[in-house]
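We begin with a single chain expressed as structure tokens, specifically the form predicted alone.
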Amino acid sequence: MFIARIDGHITSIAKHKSLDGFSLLIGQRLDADGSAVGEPQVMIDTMRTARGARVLVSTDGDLARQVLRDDTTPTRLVIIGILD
């Protein structure tokens, strides 16, 4: 798990069937002091997250399959919480 800042939404003309109804977001992983770490990553939005929000992201593929209710989902990064 890690904390990230949501920088925007991604529009897709095609995506895996397990992602129907979910938004794709671009997020920047954050260090403990709030500074950016690494490259931005695509995340699955299960919380209707707004741009600029800080979120908790799971990197567990098994959890992603449970949340999306599909054992064939090709994702690992799922937003599981919004931080105040």
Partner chain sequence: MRLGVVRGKVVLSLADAGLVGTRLLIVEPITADRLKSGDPGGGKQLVVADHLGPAEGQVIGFVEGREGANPYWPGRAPVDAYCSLIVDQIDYCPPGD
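Bear in mind that the values here come from a model prediction, so they are computed numbers and not experimental data. Positions refer to the first chain, counted from 1.
As for the form predicted together with its partner chain, it is not shown, yet the points below apply to it.
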Candidate spot Asp33, Leu56 and Ile80, all three in 4.5 Å heavy atom range of its partner chain in the model of the complex? no
Does Gln66 make contact with its partner chain in the model of the complex, using a 4.5 Å heavy atom cut-off? no
Indicate whether its partner chain has at least one heavy atom within 4.5 Å of a heavy atom of Thr73 in the model of the complex. yes
4.5 angstroms heavy atom contact with its partner chain in the model of the complex for Ala50: no
If you look in the model of the complex, which residues in 1 to 32 sit within 4.5 Å of its partner chain (heavy atoms)? Arg5, Asp7, Gly8, His9, Ile10, Thr11, Ser12, Ile13, Ala14, Lys15, His16, Leu19, Leu24, Ile26, Gln28
